[in-house]
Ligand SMILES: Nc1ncnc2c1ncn2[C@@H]1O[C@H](COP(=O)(O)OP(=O)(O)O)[C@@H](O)[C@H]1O
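Single chain ahead, written as structure tokens, the form predicted on its own.
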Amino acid sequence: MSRLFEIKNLSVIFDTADGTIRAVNNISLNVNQGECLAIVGESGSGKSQTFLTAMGLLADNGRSSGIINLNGSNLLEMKRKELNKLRGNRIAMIFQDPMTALTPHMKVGEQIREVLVHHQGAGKKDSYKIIKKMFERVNIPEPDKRMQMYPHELSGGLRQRVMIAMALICKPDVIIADEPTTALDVTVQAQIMDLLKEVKTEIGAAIILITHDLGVVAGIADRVAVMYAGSVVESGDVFEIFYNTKHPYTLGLLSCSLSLDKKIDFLEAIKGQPPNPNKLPNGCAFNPRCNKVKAICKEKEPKLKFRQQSHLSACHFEFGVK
């Protein structure tokens, strides 16, 4: 497999009235062709901000440093015009709230047609044929009728499918899916994830799945990166993350997740709350919430290091699932 997308030493900082907020702290990630990398962590861990930065959607008060390579080209150095040629074409994003991501006063077919015209120069007649075929591909019933509807006239599940159709229409190399099953019922969630798995296999796209749902991760991901307080605290293949955990935070996430393969009398929540990003604790950022904390954890920040071949964690000690 060839490496399509790579983040090197990315940091994202926001200047606010309350001071400087470090949303992302010197992280490095990569994803290969035909692979799914899942990014997991609580709200505020920096998951979405990392990839909004990659898409050139950083807020005006934000600034970034580092490298984000797509097929060897650094997205952070591109001018807006160059980036617009790639977004929706070679790299696409499925947002977690399609109601706000779609333009409310435009019919959904017209919105997708704009993508085809802009990136592929398709004519009106040809573009609607392509859109109809894609709507059928993503299991949108009565595609001719749905193309003429506005976003508010569609159900949540259909709006999400429209977003996926828009992301796939130009057969991108990389698809970033930000909580793609949020607020959908369980049946629709399963259908959406099955669709993403098919896409990964059929067009060889690299998928980056941003989620807090470990059940979703188990069903689709090849590798997992766990983020906490803007940093990657553990990464490895999906089996290693689930069955050979090396970081207490990952262990905490697994402990408060339902499982069908073992009996659970109660779910154990991680104590406390994620830290304020502009007032991170000394040492390990997770130390105020960690039930395995030692003196060194409050004094020295642990570095991300290899535990075995492709499994990394940022902890002064090694902990595994017992």
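Not measured: the values here are computed from a predicted model. Residue numbers run from 1 along the displayed sequence.
Just so you know, the form predicted in complex with the ligand exists too; it's not on screen, but the next bit is about it.
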| item | value |
| --- | --- |
| Heavy atom of E35 within 4.5 Å of the ligand in the model of the complex | no |
| The ligand contact at L304 in the model of the complex, heavy atom, 4.5 Å | no |
| Contact of G56 with the ligand in the model of the complex (heavy atom, 4.5 Å) | no |
| Touches the ligand in the model of the complex: S65 (any heavy atom, 4.5 Å) | no |
| All of I21, S45 and P277 within 4.5 Å of the ligand in the model of the complex, heavy atom check | yes |
| Partner contacts in the model of the complex for 49-75 (non-hydrogen atom within 4.5 angstroms of the ligand) | Q49, A59, N61 |
